[in-house]
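Shown next as structure tokens: one chain only, the form predicted alone.
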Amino acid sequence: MTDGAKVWGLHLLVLAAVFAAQFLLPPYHATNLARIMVLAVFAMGYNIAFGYTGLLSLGHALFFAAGMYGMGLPVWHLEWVSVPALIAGLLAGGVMAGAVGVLALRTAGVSFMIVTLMFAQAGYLTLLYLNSWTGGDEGFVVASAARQAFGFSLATDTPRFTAAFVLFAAGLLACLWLVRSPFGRVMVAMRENEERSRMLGYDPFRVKLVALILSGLYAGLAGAAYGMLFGYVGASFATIQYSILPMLYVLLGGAGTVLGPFLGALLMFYLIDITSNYTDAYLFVVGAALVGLVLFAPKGILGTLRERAWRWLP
């Protein structure tokens, strides 16, 4: 079997297993899995910027919130329905990422990280300041009438899981195609050696900007879907926590691997969910797990697996 057949076979097998899980899991875990799939799409976007292009950002909460509010505000103020609102959220994330990228990509390394963090904080404070339009810190509930798509209510379990799965499957397969495409190879080249890539005729600013916009589109769509599927839009999703979470998912699952964001989101979600039932110090357990990861598997779970066994893993 060729490496290409192994790659596509593995990813399709994962999608089949995730889809089958809704029929095997109790409703609580099926709802959790729907939430994890949406967060995994968010982490896929972060992985495009960080894992494949080498852009360490602390501003992705801004793109996630842009998508969420890009969906939620037209629904709240203009009474839009689900599909146009989701498209608006997708575009809002991409436009926000492009605007931030044009300015932030004038810097690099730690400076880029700090600049993106400041943009995210500015976005969060803007949401609080414009509380009459955004709902401020309390946010607002997405009307159930707007949570209808193709005759199904996204507020109910099966349609919600199906919508999350379609989003996840499309995001995963698109990401797999992207990283195996010529542009995906250029992104990796930028991460590994920017100067040599420049000597070969590639424009680092343009490549990084396109990668950041793609990352923002993923984050925006995830934010819009999260608000639509779970019925709430709030400024808390623009806080630094939602810039750190996708980074943790990617680091845990394996930066620069297509399935890493999903595996990281799955493990981190249930690590927090299970430990929080036993102790209020669940973040201590999460921190200990991350320290162990850095010490024994610094490339993440799938990154280490690729290094030691499955070298064909994208």
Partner chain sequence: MSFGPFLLLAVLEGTVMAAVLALTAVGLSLVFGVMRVVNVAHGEFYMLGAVIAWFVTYYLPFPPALVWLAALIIAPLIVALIAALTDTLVLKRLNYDPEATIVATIGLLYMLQQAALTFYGPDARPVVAPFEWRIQLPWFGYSGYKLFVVVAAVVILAAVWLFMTRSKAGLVMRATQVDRDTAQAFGINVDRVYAGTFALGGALAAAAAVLIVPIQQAHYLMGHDPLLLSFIVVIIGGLGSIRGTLVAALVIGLSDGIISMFFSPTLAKIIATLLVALVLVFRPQGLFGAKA
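All values reported here derive from a predicted model rather than from experimental measurement. Numbering follows the first chain given and starts at 1.
The same protein has a further form, the form predicted together with its partner chain, not shown here; the description that follows concerns it.
Q: What stretch, of 30-38, 64-72, 276-284, 257-265, brings heavy atoms to within 4.5 Å of its partner chain in the model of the complex?
A: Going through the listed ranges, the match is 276-284.
Q: State the residue from Ser144, Thr156, Ser132, Ser111 whose non-hydrogen atoms include one within 4.5 Å of its partner chain in the model of the complex.
A: Among Ser144, Thr156, Ser132, Ser111, a heavy atom within 4.5 Å of its partner chain in the model of the complex occurs only for Ser111.
Q: Does its partner chain get within 4.5 angstroms of any non-hydrogen atom of Phe296 in the model of the complex?
A: The answer is yes: Phe296 has a heavy atom within 4.5 Å of its partner chain.
Q: Taking its partner chain as it sits in the model of the complex, is Leu103 in contact with it (heavy atom to heavy atom, 4.5 Å or less)?
A: Yes.
Q: Looking in the model of the complex, any heavy atom of Leu56 within 4.5 Å of its partner chain?
A: Yes, Leu56 is a contact residue.
Q: Should Leu24 be counted as a contact of its partner chain in the model of the complex, where contact means heavy atoms within 4.5 Å?
A: Taking the distances in the model of the complex, the answer for Leu24 is no, it never comes within 4.5 Å of its partner chain.
Q: Enumerate the residues of 188-203 that have a non-hydrogen atom within 4.5 Å of its partner chain in the model of the complex, in sequence order, or give none.
A: Read in sequence order, no residue approaches its partner chain (within 4.5 Å, in the model of the complex).
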